[in-house]
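Consider the single chain below, provided in structure tokens and representing the form predicted alone.
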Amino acid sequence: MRHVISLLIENESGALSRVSGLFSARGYNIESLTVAPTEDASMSRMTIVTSGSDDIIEQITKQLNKLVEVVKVVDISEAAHIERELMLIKVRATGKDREEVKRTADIFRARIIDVTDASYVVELTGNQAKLDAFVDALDPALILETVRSGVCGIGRGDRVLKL
């Protein structure tokens, strides 16, 4: 089962390495990893997407809590939450393909943020399924390069990850 784990972690060098090392040492895969400072400059929020049974996720959570830099750990996928990911995709856009790519971008509410004679760079935000559907809607021969940010997630309602 897929889980989205959010950590509040002290903003120190080596902290990311220790967290990722915990996963690799135990043979767990990180599908997505996003890290950025929070409103408190001394803290960072890390969002990790991984897969595993409830027992494995419980073990990961306990191990993360043992790390000195980790302040708080929450599996946000246990309750209502919002997930978003950013994708930048460079596509070949010449001849009739230019209009087709523009139409597809409009359907998915994507933005064309760079235009050249031969290509477009399209920006799209949404959940993982939406981004995957956009890629699937394009002719694979048109895709030149794809960059995805990884999942950012936040609990809905009163759920907050703060000290």
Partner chain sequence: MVLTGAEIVIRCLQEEKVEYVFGYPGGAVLYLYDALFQQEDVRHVLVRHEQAAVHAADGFARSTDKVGVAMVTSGPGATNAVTGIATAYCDSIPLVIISGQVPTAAIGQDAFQEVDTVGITRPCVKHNFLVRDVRDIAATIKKAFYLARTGRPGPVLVDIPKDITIAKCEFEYPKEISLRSYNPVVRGHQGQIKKAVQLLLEAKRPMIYTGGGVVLSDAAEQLTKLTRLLGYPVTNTLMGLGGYPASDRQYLGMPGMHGTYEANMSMHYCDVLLAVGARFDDRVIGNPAHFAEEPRKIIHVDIDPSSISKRVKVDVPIVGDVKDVLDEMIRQLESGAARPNGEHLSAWWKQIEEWRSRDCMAYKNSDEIIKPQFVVQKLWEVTGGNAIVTSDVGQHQMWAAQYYRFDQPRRWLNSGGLGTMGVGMPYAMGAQLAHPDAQVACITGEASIQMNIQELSTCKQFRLPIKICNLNNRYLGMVRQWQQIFHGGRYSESYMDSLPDFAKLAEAYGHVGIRVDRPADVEDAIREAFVKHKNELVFLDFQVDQTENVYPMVQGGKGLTEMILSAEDL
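Numbering follows the first chain given and starts at 1. Given the structure is predicted, the values throughout are model-derived calculations rather than measurements.
This protein has a second form, the form predicted together with the partner chain, left out of what is shown; the following refers to that one.
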property: Within 4.5 Å of the partner chain in the predicted complex, all of Ser17, Gln63 and Val71 (non-hydrogen atom); result: yes
property: Contacting member of Asp40, Glu31, Asp106, Glu123, with respect to the partner chain in the predicted complex [4.5 Å, heavy atom]; result: Asp40
property: The single option of Ser53, Thr116, Asn127, Gln59 touching the partner chain in the predicted complex, heavy atom within 4.5 Å; result: Gln59
property: Partner contact for Val160 in the predicted complex: the partner chain, 4.5 angstroms, heavy atom; result: no
property: Asp139 within 4.5 Å of the partner chain in the predicted complex, heavy atoms; result: no
property: 4.5 Å heavy atom contact, Glu145 to the partner chain in the predicted complex; result: no
property: Partner-facing stretch of 91-99, 106-114, 129-137, 40-48, counted where any non-hydrogen atom is within 4.5 angstroms of the partner chain in the predicted complex; result: 40-48
